[in-house]
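A single chain, nothing else alongside it, follows as structure tokens in the form predicted on its own.
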């Protein structure tokens, strides 16, 4: 009976729980799902992490490559995030070029990196105007059950903290980079941004850490990113976003 009601009237099914200040999975409205984290999951990457929030599973791999610094910022390197939502993680995604949600998630991660200053791009410069690191941050969703952005952010930060880049010097005679794979160093992590995603039911009830089904029935979604000093780093709402040039203190 309950399964039939859920299938025929999913919104009313959820409303029946929300009236009692709980959710179908037994959580309270402000309760997050269990989060698990595994570090160093990809041996071929320079840094990696696997994160599970409930059934949502996300993996992040960091790969460093050498390049020329930007012409307009010769003392900086690059950080290039990309979020992939393949069909294997959910039937809602199709093969082919990145869809709207994947593109929005990639832009969100880029905004958080810029707004939180989790890594100073100056730290990625090896020789000013000549050589720098490019950090490719590839984030793949393995199982999608809502709250993708929070999971991506946890995976990214954990992978960055796990990353070890090889020592690089430039031969003064040949000006050719020489890479010492045996001697590696950690990245300098300046901030630790954390996301919290909320959805709104019927324009009046707010719940945290939504499942995919809850997201599909919501009237609004918002993700708030703060750092360890409780400063606001980024805000995201589907259809619009706020990028902060520097974190703002929360009042």
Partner chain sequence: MPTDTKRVRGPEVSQSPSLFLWKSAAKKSTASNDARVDGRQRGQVDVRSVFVRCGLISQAKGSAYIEAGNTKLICCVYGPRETERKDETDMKSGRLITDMRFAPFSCRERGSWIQGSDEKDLSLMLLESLRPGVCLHKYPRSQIEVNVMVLENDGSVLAHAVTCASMALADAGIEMYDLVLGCSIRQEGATYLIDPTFLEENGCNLASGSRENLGSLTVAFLPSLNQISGLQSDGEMGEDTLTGGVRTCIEGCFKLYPVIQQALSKAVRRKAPPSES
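Note that the coordinates shown come from a computational prediction; the quantities given were computed from them, not determined experimentally. Residue numbers count along the first chain shown, from 1.
One more form of this protein, predicted together with its partner chain, exists but is not displayed; see below.
(message) I'd like to check something about residue 106: if you look in the predicted bound form, is any of its heavy atoms closer than or equal to 4.5 Å to a heavy atom of its partner chain?
(response) Result yes; residue 106 sits at the interface with its partner chain in the predicted bound form.
(request) Look up in the predicted bound form whether residue 43 has a non-hydrogen atom within 4.5 angstroms of its partner chain, and give yes or no. (result) Residue 43: contacts its partner chain in the predicted bound form.
(request) Spell out, yes or no, whether the shortest heavy atom distance between residue 178 and its partner chain in the predicted bound form is within 4.5 Å. (result) Residue 178: yes, in contact with its partner chain in the predicted bound form.
(message) Contact with its partner chain in the predicted bound form for residue 73, defined as at least one heavy atom pair within 4.5 Å: yes or no?
(response) No, residue 73 sits far enough from its partner chain in the predicted bound form that none of its heavy atoms falls within 4.5 Å.
(request) Spot the stretch among 24 to 32, 201 to 209, 64 to 72, 215 to 223 with residues whose non-hydrogen atoms come within 4.5 Å of its partner chain in the predicted bound form. (result) Contact-bearing stretch, as computed: 64 to 72.
(request) Any residue of 68 to 99 with a heavy atom within 4.5 Å of its partner chain in the predicted bound form counts; write them all down in order. (result) Heavy-atom contacts to its partner chain in the predicted bound form: 78, 80, 81, 82, 84, 86, 87, 88, 89, 90, 91, 94, 95, 96, 97, 98.
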